[in-house]
Structures are given as C-alpha cells and as structure tokens.
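First, one chain by itself: the form predicted alone, in structure tokens.
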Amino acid sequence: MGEVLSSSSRKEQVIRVAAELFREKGYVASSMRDLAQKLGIEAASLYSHIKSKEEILHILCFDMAADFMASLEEVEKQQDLPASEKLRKGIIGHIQVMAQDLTASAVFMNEHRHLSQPSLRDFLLMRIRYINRFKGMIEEGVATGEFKKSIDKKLAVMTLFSSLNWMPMWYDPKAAIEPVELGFQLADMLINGLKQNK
C-alpha cells in the first residue's frame, strides 16, 4: 500500500516538484500538463491541489522572501553588535536560507519576474526593503568608523547581493564546505574590503 498524503502534504509535493520543473525548463516553458506528468497524475486532478501555475510561483517567491526576512530580523534583534558582525550574521543567514532549498532559491532568483501585478510590485518592494536593511548595516559601519568613509555604499551592497544570489547556480550541497562555513568565508572577503585599514 502506498502512503496516503494529506491535502497539505500533496500541495507541498506539487510545489516542490513544480520548483524542479521551473528550474529545469523555466517558468514560461513549463505547463500544468508538464507538472501533472512529472507528478504522475492526471492534469485535471492537479487543479484540486493548486489553482494555477502562477499560484505556485507566488507561494515559492513569497514563502522564501518571508524566510529571508525572518533570518534578518533575528540578526537585527542583536542591537549591541558592531555593524561588521551584524553584516556577517546577515550574510550567513541569507546563505542558510538559500541552502535549505537550492531549487526553490534558483526559482526565487530567476523566475520572480513572471509574477503578475500587483504581486510583482509587492515582491520587488519587499526585496528593496530587504536590500536596504543590509545597506543600513554598511551605513552604520561607515558612521561608526568601522568601515571606510570612501566606500560607495550602493556599490558595496550590490556587490554583496551579486555574490550571494549566484549561490544556487554553483553551490554543490555534496561539496565539503557547509553553508555556514561558506557564509563565513564570503563574509570575510566582503567585510574585509569594507573595513578601515589599521
């Protein structure tokens, strides 16, 4: 006898398999028929679990955005930390969220642009707020003299996120380096470039 999945477990399975499909083929080229075939069910029965392909993309993008925000909020609670340590913990948290599900992370990074309005606008606003909170850590470090006054803060934060967000494309979970260690190494490279020369 096969395992009987609850409705919520089946929906989670649909979303997980859809993420794999979107990563393989891209969101636009993927169809609900493709998804049903990958799941081994009839296309008609797929609609009892999910309304549309876009609903899946919405869930993937906004659930992951919530995880990123929750990770950052944990860092921001530690107000007594110097800016460099907040930034380090923020970087490590970001990498840990991505490492939990590299497939969903790749979809989040590459396919969010296919959300329709107003979801796309809401998503982009969330992303801007999230990035600006990291920029705030850099600004704090400059203000306290921990980071160089000469740095371009926008360039610094864009360099940071360019480095972080490529991770789903190259990181191998079977590799020797664990996500936390990867976070420490990446944070060292980026933060050391911001710090004042002693």
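Please read these numbers as outputs of a predicted model, since none were measured by experiment. Each residue number is its position in the shown sequence, starting from 1.
The same protein also exists as the form predicted in complex with the DNA; that form is not shown, yet it is the one meant from here on.
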{"query": "Residue contact check: Arg10 to the DNA in the predicted bound form, 4.5 Å heavy atom", "finding": "yes"}
{"query": "Proximity of Ser48 to the DNA in the predicted bound form, heavy atoms at 4.5 Å", "finding": "yes"}
{"query": "Contact of Gly40 with the DNA in the predicted bound form (heavy atom, 4.5 Å)", "finding": "yes"}
{"query": "Heavy atom of Ala44 within 4.5 Å of the DNA in the predicted bound form", "finding": "yes"}
{"query": "The DNA in the predicted bound form: contacting segment from 24-32, 64-72, 141-149, 164-172, heavy atom within 4.5 Å", "finding": "24-32"}
